[in-house]
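Here we start with a single chain on its own, the form predicted on its own, put down as structure tokens.
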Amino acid sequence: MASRPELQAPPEIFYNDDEARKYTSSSRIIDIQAKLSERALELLALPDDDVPRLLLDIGCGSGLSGETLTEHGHHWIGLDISGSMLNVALEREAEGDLILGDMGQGLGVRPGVIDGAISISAVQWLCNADRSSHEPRLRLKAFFGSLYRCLARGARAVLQVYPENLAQRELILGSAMRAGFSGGVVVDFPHSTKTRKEFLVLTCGSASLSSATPQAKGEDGESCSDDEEISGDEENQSVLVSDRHRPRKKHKLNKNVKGKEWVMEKKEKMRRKGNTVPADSKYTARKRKTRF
């Protein structure tokens, strides 16, 4: 079994000039990218009013997924960390605006201007620490935080991911939840080891009837019914609306707190030694309230 690309080298190194051209010239890769992009666009559930939208393609690579967006009449902005991939996109005359950048440091897009975002096989790269300064949790926090800010209210983001294990999936989902997204995971062809695909479908803002998570596709290409859904914690992970009101911390009871008798005895010993001690009153050793 071939090693996962993200385990071999950082993306800007793995996708060098040779790998970028080989990736883009592969008919198999082109076909897979087209199908995944079509599915991501379907899950975006954009209004069917023939009005072009401004979409964000995160990890756009050489512009293969952007071609699908262009074919549907949308404008798009592509972000990728690999300069070699973007050079190939320029050679192919991709119609989107291209940005060279690291999504783990934030997207750097103006707030509230994006009508939808897609990402094909890119977000799981953030789960790896390619440098000593890289902390996956902080990079995912920066990514989802900037993605939430740049999306218009109610807009969706569809991120197709290949998590290496359940821990990575939970890490990605938890970061999305804490950023304020609502939504869940759509798993197409869940019973197949080869065609299984996971899409993280997120909505900017609180969950509503119109932002319900779409149904997944089954082996016959049709939507799975409730009876066909897979049981088990791993197959039913979903992103819940984040709770921004943190619970108050419970104060630990200190069993070594001295009472009034101990204070009075201590003051009397100090008086015998000739020290100046405040006079006793009804407030002596009185416990203060925890909140003012």
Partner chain sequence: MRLLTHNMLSSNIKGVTSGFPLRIEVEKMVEKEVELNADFLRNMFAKVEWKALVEASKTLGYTELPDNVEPSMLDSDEFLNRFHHALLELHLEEGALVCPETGRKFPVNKGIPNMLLHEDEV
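Positions refer to the first chain, counted from 1. Everything numeric here is computed off the predicted structure, so don't read it as measured data.
Same protein, other form: the form predicted together with its partner chain, not shown, and the subject of what follows.
Colleague: Would you please decide whether Pro190 lies within 4.5 angstroms of its partner chain in the predicted complex, comparing each non-hydrogen atom pair?
Modeller: No.
Colleague: Would you classify Ile30 as touching its partner chain in the predicted complex, given a 4.5 Å non-hydrogen atom cut-off?
Modeller: Outside the cut-off, so no.
Colleague: Indicate whether Glu198 is a 4.5 Å heavy atom neighbour of its partner chain in the predicted complex.
Modeller: Looking in the predicted complex, residue contacts with its partner chain do not include Glu198, since no heavy atom lies within 4.5 Å.
Colleague: Does at least one non-hydrogen atom of Lys267 fall within 4.5 angstroms of its partner chain in the predicted complex?
Modeller: No, no contact at 4.5 Å.
Colleague: If you check Val161, Leu107, Leu173, Leu140 against its partner chain in the predicted complex, which one has a heavy atom within 4.5 Å?
Modeller: Checked against the cut-off, the match is Leu107.
Colleague: Tell me the stretch among 178-186, 118-126, 163-171, 131-139 that has any heavy atom within 4.5 angstroms of its partner chain in the predicted complex.
Modeller: In the other structure, the partner sits against 131-139.
Colleague: Within 4.5 Å of its partner chain in the predicted complex, counting any non-hydrogen atom, which residues from 69-104 show up?
Modeller: Stretch hits, in order: His75, Trp76, Ile77, Ile81, Leu86, Asn87, Leu90, Glu95, Gly96, Asp97, Leu98, Ile99, Leu100, Gly101, Asp102.
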